[in-house]
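Shown next are two forms of a single protein chain, provided one at a time as structure tokens under the names structure 1 and structure 2.
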Structure 1
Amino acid sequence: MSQKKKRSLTGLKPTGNLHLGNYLGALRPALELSKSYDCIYFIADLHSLTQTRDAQALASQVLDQVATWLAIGLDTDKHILFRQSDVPSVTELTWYLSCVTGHGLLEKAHAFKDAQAKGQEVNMGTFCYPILMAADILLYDTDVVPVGKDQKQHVEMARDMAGSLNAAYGELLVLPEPLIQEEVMLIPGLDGRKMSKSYNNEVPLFCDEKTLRKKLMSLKTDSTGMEEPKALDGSTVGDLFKLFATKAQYDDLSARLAKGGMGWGHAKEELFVAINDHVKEMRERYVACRKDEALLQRELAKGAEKAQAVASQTIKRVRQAVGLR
């Protein structure tokens, strides 16, 4: 008899224009897990409300993300893709968890401490965001949460909160574990720093070819003259090329640059071709899906129904246990 697969849960805030860093560092590794786990993916729109005030953009970015998951090949028949706000009982579970969570635990959260250190105004949503994130995880009986190192603390907090509720009322919630994906790489942006929207150095995942070429041509390189030999190793062009080219292609470009007589412009053109080849089909699917709003709405409805079926069991159990009968 086949063993029941463990459940993995991935949440991603709906932000505009995903970039290559998001794809290689978050989307693709999360999709990889669908081979060995029973996966739930959700679009964390409630979390976005701590920052955004642009309702229209938020709604549209949710659809962008649905189209992205479909474009990169998520099978929504085998796994679940849903919008967080379609299952409102997550805010109900947030309340039950709030009532067993000390203020001090939240004060230790990195996101809160960083915001405070920068003198930023911290709204209660931001302060309580680890509780909502814990509810996201615990509502779906999640076994593992694939996260970068920056989110590990939040999964540990979710585990603590589940432990507190269980200690008070009996074994109600599954204790989740962070699944740290060590092999996930840090993708450099056009200026060599980490690719990030906040540095404005990103290469969009699904922009048109012309924009992609233009972006890559703006990549910062040193000012070595055309005739001089150049090292691909250690350059941003090289670091990006490595991610999309075969070893043979990399070695070949590296040798040609080292001989001299080849400018960075030519190397960037080859980088463009490699990236474009990699994303071309996904981009076509993305454009087709994004246009088909009826399809996106159907996907959201299907995901909501499947997520709701899991969530309603958990919330029923918790309500009973805490005395709301």
Structure 2
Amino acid sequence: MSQKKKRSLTGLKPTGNLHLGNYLGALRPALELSKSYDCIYFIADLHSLTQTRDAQALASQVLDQVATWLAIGLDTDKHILFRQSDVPSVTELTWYLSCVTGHGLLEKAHAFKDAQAKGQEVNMGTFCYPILMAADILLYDTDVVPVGKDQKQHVEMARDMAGSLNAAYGELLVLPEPLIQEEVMLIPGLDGRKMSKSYNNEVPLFCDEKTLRKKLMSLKTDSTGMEEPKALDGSTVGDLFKLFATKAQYDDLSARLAKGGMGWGHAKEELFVAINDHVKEMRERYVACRKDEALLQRELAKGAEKAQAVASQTIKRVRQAVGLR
């Protein structure tokens, strides 16, 4: 008898265009897990409501994300892709977890502390964000959650909340483990900082070739003259190039830059070619899928049905344990 695969869960908020950082840091590693895990992927539309106030944009960005998952090769017959709000049990589990979670734990959340430090007004959705995120994870008996180091806390808090509920009512919830992908920890943006929509330094994943080239040509570099030698290692151009080029291609470009007589503009052009070659076919699939909204809605309906089948088992256990019949 073959051993049951462990379950992995990945969720992304539908806020703005997905960029290369999302692809390299979350989408591609999560998709890679589908080879060895039973994978669930969800579109975190409820989470986006802490900031988003544009209903039409939110609905459109949900479909953008469905098309993106399909374009990069997700097999929705073997794995689950769904919209978070299509499974209402997540908000029910959020309440149960809220009743065993202390105020002090939530005050330790990075997002809350950052908002406070910046003097921002914090709504209750932002403050309780970790509880909803924990419910996302725990509702599906998740074994591993692929995250960056900056998001590890969310999984740890989910474990704390699950432990509290289990301590009160018995072993109801699986304790998840964070799965950190060390090799894609930090994807540099156009200014050298972490690629992020909040920094306005992102490279959209499926922008057209003209826009892609223009974006990459704006990469921040030093002012070393054309004839002078340059170091690819440690540069933003190099950090991005190594993510898309082979080692031989990287070493070749590095050697040519080190000799001098080659400007950063030439290196950026080679970076453009490497990235464009990588995303070209995916971009074409994305454009085709995004035009077929009926297809995208069918995928969401299929995913919701499969996700609800898993969630209903968990929520039934919890309801019975806490005394709700």
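Quantities reported herein were computed from a predicted structural model and do not represent experimental measurements. Just so we're on the same page, residue numbers count up from 1 along structure 1's sequence. Throughout, rigid core stands for the largest set of C-alpha atoms superposing within 1.5 Å between the two forms.
Structure 2 is taken from the form predicted alone, while structure 1 is not. Annotation: Cα of E156 displaced by less than 2 Å between structures 1 and 2, core superposition.
Core-superposed comparison between structures 1 and 2: the CA of Y250 exceeds or equals a 2 Å shift.
With the core held fixed, the Cα of T221 is displaced between structures 1 and 2 by 2 Å or more. Summarising the core-aligned comparison between structures 1 and 2, the C-alpha atom of T236 is found to shift 2.7 Å.
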